[in-house]
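One chain comes next, on its own, written out as structure tokens in the form predicted on its own.
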């Protein structure tokens, strides 16, 4: 019997998930809020909804064996809760467990209450007096974060985004006025790395580590984005990450999974994403996500040899096995609309000529009925190169950019220095 998988989401991350399912001969039923041509082509049936809030009503109607939820919004809306009530194994946590991403305050307090290492110094502030006190305690060397979801664009860091102390304070006050609270943390200094894991609520199986490039412009300049690209190495670790660093990161993730169960009474099942900073004091947690990263999903899923459907079934049975990944390197370059992320040019036509050297993932695009493909205000295409080295993978990714035309741009330095 052919398994049928529900895939929720419309971006490049979900296109990567669809490719992984398709390689294993899994029937794909997709629920999308943008007409992504890559996902539609791989789906036996694609249901389009105006919003994922509306899409919740569809979940009761679908005849599927498993479900994989890509974005954070459907997780926060309780998609996994509804599917689990139907006894459908889901790669994605229920909404109470997904708070590990949807509330940064919850994540920090959870780590604090359960004495989990890697916790930066932080303050939750609800007034000007509290914010000013926190800023002074941290000598204005801070990261200021909204509590909720911001698409990777809400965090601002001193020395990068603020001209002076007054501007730092004002951003904190703006968030308090908007949300009622803000989280002010010590600024972490070091080298970032991403560790994604599959988890069945007890153990965390780490995927190949990924280095992410969040800044909009070459040289790590400009505002934060959802990410402009990423790389991974053939040995599945990064050159600057030791076995000890990896062991600490894995321990933080496994202890957090257990802490969620103690706090909510429900096992955390699905993907747990940890963004870490290797500091002089060891790895510290920048943030958690409750799903695959975008673009990090492209890096790891293209290498996954174990069936993603089987992993989902194992997680549902609380009997996760160690997954197998190919020993190859990857490089993802994100193509984005001109002006992204400050003033992106949306609604602009693009043309894409496939290139056998790279894998094209359609991101935030809209396919019109007449066949035209248009940009939106978010990231357009994730271009993945695979090779025995990062240099080879990088060359393949960048060589394919000549086949893409439109009002678009990209960073030219993804993977530079790691050839």
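Residue numbers count along the first chain shown, from 1. If you're wondering where the values come from, they're calculated on a predicted model, not measured in any experiment.
The form predicted in complex with a small molecule exists for this protein as well; it is not shown, and the discussion that follows is about that form.
Of the candidates 241, 169, 188, 175, 188 is the one whose heavy atoms come within 4.5 Å of the small molecule in the predicted complex; the others do not.
Taking 313, 237, 157, 73 one by one, only a single residue has any non-hydrogen atom within 4.5 Å of the small molecule in the predicted complex, and it is 157. Taken together, the three residues 192, 214 and 287 all lie with some non-hydrogen atom within 4.5 angstroms of the small molecule in the predicted complex. The small molecule in the predicted complex is approached by residue 277, whose closest heavy atom lies within 4.5 angstroms of it. For the chain shown alone, residue 143 is a contact residue for the small molecule in the predicted complex, at least one non-hydrogen atom being within 4.5 angstroms. When contacts are judged by a 4.5 Å heavy atom cut-off, residue 95 does not count as touching the small molecule in the predicted complex.
Heavy atoms of residue 84 never reach within 4.5 Å of the small molecule in the predicted complex, leaving it off the interface. Of the candidate stretches 178-186, 259-267, 131-139, 318-326, only 178-186 has residues whose heavy atoms lie within 4.5 Å of the small molecule in the predicted complex.
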